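First comes one chain, alone, set out as structure tokens in the form predicted alone.
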Amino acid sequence: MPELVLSHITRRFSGHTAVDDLSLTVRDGEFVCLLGPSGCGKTTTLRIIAGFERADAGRLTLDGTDITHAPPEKRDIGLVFQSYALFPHKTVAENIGFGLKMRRRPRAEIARAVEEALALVRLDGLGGRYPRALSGGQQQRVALARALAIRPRLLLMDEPLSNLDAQLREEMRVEIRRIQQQLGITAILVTHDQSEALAMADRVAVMAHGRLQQMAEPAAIYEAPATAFVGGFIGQVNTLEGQVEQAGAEGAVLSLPGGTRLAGQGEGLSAGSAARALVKQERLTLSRTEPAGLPNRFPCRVTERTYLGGSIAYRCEAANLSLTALLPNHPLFERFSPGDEGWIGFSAADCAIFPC
């Protein structure tokens, strides 16, 4: 039986619909990320699952039990907040054991659970310290240990890494995933960070305007977006708008302003209708000679060059188009400077066309 099922969940605030007829299933032992821009409804969804918000419509079940109207303390859910929410006047051990103490567990059981939780998050020996004596990464580990000490059926995390610097975020991604897999616990993480979601999740649920746009494995979200929103939101993308010239099972041709034609792939397209082509920046080639075998290739002039460390972004003007190619910073790839001329191109398979 699925671990968590949301069926047609809707939540409105003063005429604004924050969550709109949302249905999704989180499987037993699965790690799911709710991903989307600010205001898309992901945090409200998490709060509804936790019981802090009441849905105006819809139903939630956990392990087959209806929890739609159950209070938070009856849902057996562990929570990790963006702000950590540690008690500054309590020691690390007291913070971790707080939930068990509220459940009136025996002292020996609490002490044992605290030690196990400290070991799980690799903070052995720090139980006597206070939060102020810990680094941000250590405080986040304490917050995670506290949520896990009660052995919840479901772990919810709301932007848990947003207050950490880049290096710590990467380290904590690995740690949280390791702990989740070690325990086999079902987990849901809310984030607006694409790399975080793609790196951590078994499946990613992309939301926009309170609605679920697509829920799939990370590779499918990135490689095969189901909607124009997902295609444009995930990754760094070139967006081109025009009119469908022809469409069929073999692909589609899009006519752009100025007479430029693009070959791509898309469904639900009809000749004469408006459409949008999306091409990931790293799927473009940039060369000094005309590339063979690419249906979409145009002579171009480099107008901007942005050094990004591991990659270099080249802004190019080509056939009335403005395109960005993101190339690896590697000796095997040609280097260009503003003013240089060359050829930019991409395959039809890398050009996703969606109806406008």
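When you see a residue number, it is the position in the sequence shown, counting from 1. All values reported here derive from a predicted model rather than from experimental measurement.
Keep in mind the form predicted together with a small molecule is missing from the figure; the text below concerns it.
With the small molecule left out of view, the stretch that reaches within 4.5 Å of it through heavy atoms in the model of the complex is, among 297 to 305, 41 to 49, 312 to 320, 25 to 33, 41 to 49. Note on contacts: among Glu159, Glu282, Glu245, Glu115, the single residue with a heavy atom within 4.5 Å of the small molecule in the model of the complex is Glu159.
When the small molecule is considered in the model of the complex, only one residue from Arg105, Arg177, His192, Arg169 comes within 4.5 Å through any heavy atom, namely His192.
Contact check for Pro328: no non-hydrogen atom falls within 4.5 Å of the small molecule in the model of the complex. The small molecule is not drawn, but in the model of the complex it has no heavy atom within 4.5 Å of Arg335. Proximity of Pro37 to the small molecule in the model of the complex falls within the 4.5 Å heavy atom cutoff. Taking the partner from the other structure, the small molecule in the model of the complex has no heavy atom within 4.5 Å of any heavy atom of Ile9.
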